[in-house]
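As a starting point, one isolated chain is supplied in structure tokens, in the form predicted alone.
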């Protein structure tokens, strides 16, 4: 049975796919633009037929706030890279692996996934599993776990859901 699909999700998918095509191509001649249009139309048609064009696949509410989050995450990634390099230079005594449970405050699976992926992207930490409203996280040291327990990343991801 088909879901009731809003036109705004179809238009959003067309815009996103077109931007990806143009960004990866970099050429603006008629042949490549027409091939891009055909490819985008085919993918949108297939997504529509599969019934996967919906709020979950096109989270428009997140799209408005995601750029600010990405900038903050980029800063966090750079800081974490520096910390990991320092620990490597300090030798084996500076690395004390730890696994811990980190509670999440996200209301949706998408929010939990963004949070878990953000932890995994951050050098020195990896999300091993999601169990209900808890993440199982590995870190090179307890400092990484302490940072996550502070809740800044959790709060920022939760704001994406609002």
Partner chain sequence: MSELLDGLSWGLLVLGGFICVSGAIGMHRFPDFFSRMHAASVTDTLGGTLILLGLMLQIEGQYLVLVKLVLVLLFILITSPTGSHALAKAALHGGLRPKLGNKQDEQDADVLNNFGRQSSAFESEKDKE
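Positions refer to the first chain, counted from 1. What you see is a predicted model, and the numbers here were worked out from it, not measured in a lab. What we label the rigid core is the largest C-alpha set whose atoms superpose within 1.5 Å from one form to the other.
The next section is about a form of this same protein that is not shown, the form predicted together with its partner chain.
Novice: Which residue, 110, 47, 136, 40, has a heavy atom that falls within 4.5 Å of its partner chain in the model of the complex?
Specialist: Checked against the cut-off, the match is 136.
Novice: Contact with its partner chain in the model of the complex for residue 88, defined as at least one heavy atom pair within 4.5 Å: yes or no?
Specialist: So residue 88 counts as contacting its partner chain.
Novice: With the partner left out of view, is residue 34 within 4.5 angstroms of its partner chain in the model of the complex by any non-hydrogen atom?
Specialist: No.
Novice: Is residue 15 close enough to touch its partner chain in the model of the complex, meaning at least one heavy atom pair within 4.5 Å?
Specialist: Because no heavy atom of residue 15 falls inside 4.5 Å of its partner chain in the model of the complex, the answer is no.
Novice: With a cut-off of 4.5 Å between heavy atoms, is residue 65 one of the residues that contacts its partner chain in the model of the complex?
Specialist: Residue 65 lies outside the contact set for its partner chain.
Novice: Determine the residues of 34-49 with a heavy atom within 4.5 Å of its partner chain in the model of the complex and present them in sequence order; the list may be empty.
Specialist: Counting only heavy atoms within 4.5 Å of its partner chain in the model of the complex, no residue of 34-49 makes contact.
Novice: I want to check residue 141: does it shift between this form and the one not shown by 2 Å or more at the Cα, with the core superposed?
Specialist: Result for residue 141: no, shift under 2 Å.
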